[in-house]
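This text opens with one protein chain seen in two forms, each one given by itself as structure tokens under the names structure 1 and structure 2.
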Structure 1
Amino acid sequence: MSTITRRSRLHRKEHQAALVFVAIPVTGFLLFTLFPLLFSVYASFTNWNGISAPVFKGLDNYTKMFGDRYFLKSLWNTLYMMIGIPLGLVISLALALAMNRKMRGTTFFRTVYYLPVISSIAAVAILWQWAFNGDFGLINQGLGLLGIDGPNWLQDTATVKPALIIMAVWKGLGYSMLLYLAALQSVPRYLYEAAALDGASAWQQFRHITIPMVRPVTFFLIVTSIIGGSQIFVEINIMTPTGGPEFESASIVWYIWQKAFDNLQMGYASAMSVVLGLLVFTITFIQFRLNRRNQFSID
């Protein structure tokens, strides 16, 4: 037997084994991602109640969407609630800077700030719903100490979105803080020492060293928060089960869910879900592209 054939036989065996190993996730991908995706796109062009056969309607669902004031409202609500993203970034960077100091208790603080991140969003939504209770909630009791008469947060059109934003910032702070902390700790010290020698003030060092050095984390957090934020659902569903006062807190996923499983307008819901998918796809794609260029490569 020549070396060449033995080698190719060995390779063939390796190929076969590798194929078996990757076949499982690839099958899962085909069954539970690719096929549903294609079906979603198809269903988005039909009138379909999920029970009888879909009837092809062309672009009807898509044109309907932009005249649907509830769709536009839920889209607007979803965007509005993303105000929490920059807020959370600023606070978590400040926290990370504070915890980056050489002092006692930072491990304890890290754990405490991380607790909300690991807590289930369902349980957190329930406890914040209670905290936002107009008469007996924790928030209004706290405001009462300052002599402020708090609103009935979740029933008031003016305060329902701020309430949800406050909760989201509280829940996500520990995560972004941790990433910032990891980034801060990998900034070489000599940069600050050199800057200090050149007479740079603390603010200048922060502005010209810290901010640029943590930029990849900032970018990553912005992109993933937008992806996560565009899919906000659980809080809305538990805290404001009817979409809030005058639909003020209905999010896009909440509306899709309601249309699909309550009103059985599966075709229309599919069209909205395709729009959401395109949005998330675009953002993720940008992230992967920029990441690949800056940080790592696939082989």
Structure 2
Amino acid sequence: MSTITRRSRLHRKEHQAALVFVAIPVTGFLLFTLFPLLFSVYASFTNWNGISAPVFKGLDNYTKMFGDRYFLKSLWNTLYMMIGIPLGLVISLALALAMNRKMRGTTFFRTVYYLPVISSIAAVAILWQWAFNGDFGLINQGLGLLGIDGPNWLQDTATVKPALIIMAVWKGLGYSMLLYLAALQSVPRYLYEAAALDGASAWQQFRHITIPMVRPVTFFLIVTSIIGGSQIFVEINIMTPTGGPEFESASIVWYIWQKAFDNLQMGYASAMSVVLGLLVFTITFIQFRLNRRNQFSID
């Protein structure tokens, strides 16, 4: 009987300890995720400056939003800069194919390509701001050696978005390359051997074996890149702190931040945040549905 009692007490203590450990992340989720999310949805229907009490305004913020040309412009800029996602995936896959070969120095190059990923985004943005400087930037100096008069990258409406895309692709290459490299190394060798025996060319092997086998990684990178790309802010705020020439580089998150903390239009900023969240959720949901149709397995 005493043994059962000791076990019961021990079980009770373990159960209490487990509840304490579970309560910590649950409390953090409730305080720092769920409550701010619900309050943001509520605030999107109010006129609120972050200081005084919110005043309910119904759908005024939403109707104002779709008549706001700066909101539409920043949303378009954000979508435009996502052109860098497929470019980055193609380049990183090519680099992963190169790094997957048996040759000297692959470990060194893998490290070099991954360094931008672990570097501070603020430091990277400052570095590229200097590189894109129209007067003494490294890029224009290199173009000058070729006899080309480089543009003022970050002050020209035609080049500011491509400049930001170049920087974003460069920073994310190492991460995508590493995932692709892991996927390539997990592809069974017998698939390539069987294809070679059947007379398949290198291109046919790449198209019908490599691409399908790395599709889960591609899907993951597309989803996470779209979510991350929709939240681009630090690079914009450092490299083009006023939204660029003619508002050409302003992202949707940068515009939300400007309205919330510069203009103290918290309610309006919350409405834009809700719309952005719904857009990202819808795009991600569609991607999951499309990916489900393309799933396959190897027996």
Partner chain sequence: MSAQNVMTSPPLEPTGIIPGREPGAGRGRNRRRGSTGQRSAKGGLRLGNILTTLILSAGAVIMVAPLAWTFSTSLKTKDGVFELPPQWIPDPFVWENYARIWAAGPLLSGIQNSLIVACSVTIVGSLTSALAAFAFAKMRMPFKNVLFLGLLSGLMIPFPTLMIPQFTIFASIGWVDTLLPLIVPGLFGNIIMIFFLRQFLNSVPDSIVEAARIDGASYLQIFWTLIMPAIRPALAAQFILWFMAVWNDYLAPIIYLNSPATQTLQLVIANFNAQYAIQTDYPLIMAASFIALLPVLIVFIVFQRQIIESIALSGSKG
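Superpose the two forms; the largest set of C-alphas matching within 1.5 Å is the rigid core. Everything numeric in this text was worked out from a predicted model, so none of it was measured. Residue positions are counted from 1 along structure 1's sequence.
Asker: Look at both copies of the chain and name the one that is the form predicted on its own.
Answerer: Answer 2, the form predicted on its own.
Asker: Once the core is superposed between structures 1 and 2, does I286 show a C-alpha displacement of at least 2 Å?
Answerer: I286 C-alpha, core-superposed: shift of 2 Å or more.
Asker: By the 2 angstroms cut-off, has the C-alpha of A17 moved between structures 1 and 2 once the rigid core is superposed?
Answerer: Yes: A17 shifts by at least 2 Å between structures 1 and 2.
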